[in-house]
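One chain follows as structure tokens, the form predicted on its own.
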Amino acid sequence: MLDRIIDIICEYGEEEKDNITVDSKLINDIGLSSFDITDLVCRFEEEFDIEIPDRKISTFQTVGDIYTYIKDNKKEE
């Protein structure tokens, strides 16, 4: 799941996949804008069949924040 999250982030960011870790900051390290992050949330919702409330978006500071949220809230298949 983490690899897929990073793949999706790479579509929006300026950083290469090999340089992105769970500790990478979405804005400062990867170069995402707040608009990019909002778009990413929509992609993650579709990709992982999950609903992410708007109020949670501002809590996503790192790749790890996104990974943890999706892992903890993803529906079991």
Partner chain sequence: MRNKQYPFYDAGDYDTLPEYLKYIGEKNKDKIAFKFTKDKKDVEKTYKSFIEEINSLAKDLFNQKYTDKNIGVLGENSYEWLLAYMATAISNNTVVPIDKELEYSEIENIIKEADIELLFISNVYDDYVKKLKESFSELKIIYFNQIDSHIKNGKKLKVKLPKIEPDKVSTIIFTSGTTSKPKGVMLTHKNLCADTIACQKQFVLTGDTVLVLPLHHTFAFTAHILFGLTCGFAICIPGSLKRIDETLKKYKPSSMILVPMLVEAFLTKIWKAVKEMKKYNLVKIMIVISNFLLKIGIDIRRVVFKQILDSLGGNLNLIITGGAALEPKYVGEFRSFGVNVFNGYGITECSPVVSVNRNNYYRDGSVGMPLPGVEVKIDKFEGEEEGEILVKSDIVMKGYYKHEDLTKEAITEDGYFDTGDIGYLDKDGFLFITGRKKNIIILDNGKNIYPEELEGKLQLEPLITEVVVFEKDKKIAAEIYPNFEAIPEGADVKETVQKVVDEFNKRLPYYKKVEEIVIRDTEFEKTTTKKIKRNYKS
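Residue numbers count along the first chain shown, from 1. Since the model is a prediction, treat every value here as computed from it, not as a measurement.
Keep in mind that the form predicted in complex with the partner chain is not shown, yet the notes after this line are about it.
The closest non-hydrogen atom of K25 lies within 4.5 Å of the partner chain in the predicted bound form. Taking the partner from elsewhere, S58 is found to have a heavy atom lying within 4.5 Å of the partner chain in the predicted bound form. For D18, no non-hydrogen atom is located within 4.5 Å of the partner chain in the predicted bound form, even though that partner is not displayed. Contact check for E45: a heavy atom falls within 4.5 Å of the partner chain in the predicted bound form.
Contact annotation for 8 to 38: residues with any non-hydrogen atom within 4.5 angstroms of the partner chain in the predicted bound form are E11, Y12, K25, I27, N28, S34, F35, I37, T38, listed in sequence order.
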